[in-house]
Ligand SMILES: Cc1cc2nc3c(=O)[nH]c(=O)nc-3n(C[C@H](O)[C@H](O)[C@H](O)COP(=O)(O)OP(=O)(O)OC[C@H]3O[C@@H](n4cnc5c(N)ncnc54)[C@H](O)[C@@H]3O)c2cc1C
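A single chain comes next, written as structure tokens; it is the form predicted alone.
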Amino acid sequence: MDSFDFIIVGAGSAGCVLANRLSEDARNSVLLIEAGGTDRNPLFRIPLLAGVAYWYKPSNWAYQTTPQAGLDGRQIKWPRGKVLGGSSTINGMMYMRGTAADYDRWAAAGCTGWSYRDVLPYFRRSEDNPERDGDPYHGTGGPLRVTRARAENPLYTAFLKAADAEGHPRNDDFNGAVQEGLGPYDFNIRDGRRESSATAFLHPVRARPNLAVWTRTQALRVMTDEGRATGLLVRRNGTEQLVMARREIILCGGAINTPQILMVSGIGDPAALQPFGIAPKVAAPQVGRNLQDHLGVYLTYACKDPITLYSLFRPDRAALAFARAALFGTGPAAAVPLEVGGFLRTRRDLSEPDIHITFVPGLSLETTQAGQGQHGYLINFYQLRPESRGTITLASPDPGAKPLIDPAYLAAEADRTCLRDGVRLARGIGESPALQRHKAADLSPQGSDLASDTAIDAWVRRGANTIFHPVGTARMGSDAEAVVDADLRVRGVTGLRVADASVMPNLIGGNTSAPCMMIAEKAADLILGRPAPVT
């Protein structure tokens, strides 16, 4: 029977970081398991193909929500990475941390040690950002390359000028002192190729003799004995086997898979587990609750100038662009086509931005002709801190069955108000002369969709979609109902921790990949009893 000091479940944004840090000490034996396969496919390297990677079936859990009352009963597809690197291997590579206030709210809610002052050193330790060398908010020499967008398409310039005309501020660094404003983004791109948690943290240390990586290995349940996590039952090579953990098991499966593993292991709400014949081992009613996700909308316009992504759909141009990206890491395919945007307040009385807005010089985030069809551009935005709360619940006691995902989109009136106000703000930028000179027609919304609050709400319900940032389903906190404590230990079970997006008590104001890596960086120090780095 195999045994290791540490077993990490899930080789995603957090799991790869944790595997690297725990195996730095040769005395620690570490097993990293991943339900998906390797990330060798060239599709994962070329940044422009991110829109294809989102939906690539072999590396995707291919989840979808339950019918959403707030979205006219639509079911929303939730792609999640099932591959080394997890969702960092298929996402849009945007490097974003959220605001200082986001983490200070975590600390104020009882998550001691998670204030912005506490977590900033972990962001810096991960980062390799040579363009901001010497900046107190950034790091150099870390595993994770961060680069600033070039934003060469003239439509990006037009968008920023349009925003200037509307009175919105500029910002050169959304991960610095202030988040509010518009400008070019930072991305996890190294030399024109995707940088995932796998390429940054896992592959460089894969040869360590004390680190084992098992792909295509499904975690079935955590085994406990007298209140202690002792091992993990997995399915590997078509057979079930038990792997023992001498010190700890750390769940890094994300906001969907982590609560599912906990529940099928008997850690959850007893009333929800018993109908499936699962014997409750730890009463933890909050497992699977507190689900939050960013929900966004897309304002689309036809463009009268041939300067959009549609130009790449001519076969010869596409072939040249992908060849340049694959061979040299240069050209339009070496960038993600959402290089400019930022964070704005829909109302001046707000203390911080409440929407994240992005410009795309094309009609779809997917780099396929479907969804484009003509020259055009879009303005996308999403609400940063939704008040709606959803759930992850079991559909079956089978660990391989997909759980029920109900994010309860737009259940809170404040969320509907924010998106309504955001539509008007984004529309104002879209109607500014700097963009109007390129516009051939409004595609969506059109005039009748903007006639009233009711019309805007209806338009939002018809088209709003996930921004792929689910969190919160194994909430961290100091209260008795929190699933994990501030040291990420699962309450009621020794030797079991969670280190992924599910521990976030509240959704941060931005993308979630970098925060997940930060959580793993801090988790490694907590597990090994090491002092926190100094800012």
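All residue numbers are counted from 1 along the displayed sequence. Predicted, not measured: the structure shown is a model, and the values here were computed from it.
In what follows, reference is made to the form predicted in complex with the named molecule, a form of this protein that is not presented.
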Only hit among 261, 291, 378, 158 for heavy atom within 4.5 Å of the named molecule in the model of the complex is 261
Just to confirm, with a 4.5 Å cut-off on non-hydrogen atoms, which of 482, 493, 48, 35 contacts the named molecule in the model of the complex? 35
Taking 4.5 angstroms as the heavy atom distance cut-off, pick the stretch from 483 to 491, 463 to 471, 23 to 31, 66 to 74 that is near the named molecule in the model of the complex. 463 to 471
Triplet 340, 363 and 445 all within 4.5 Å of the named molecule in the model of the complex via a heavy atom: no
I'd like to check something about residue 287: if you look in the model of the complex, is any of its heavy atoms closer than or equal to 4.5 Å to a heavy atom of the named molecule? no
Indicate whether residue 217 is a 4.5 Å heavy atom neighbour of the named molecule in the model of the complex. yes
Wondering, does residue 196 line up within 4.5 Å of the named molecule in the model of the complex on heavy atoms? no
Indicate whether residue 523 is a 4.5 Å heavy atom neighbour of the named molecule in the model of the complex. no
Which residues within 82 to 110 place at least one heavy atom within 4.5 Å of the named molecule in the model of the complex? 82, 83, 85, 86, 87, 88, 90, 91, 92, 93, 94
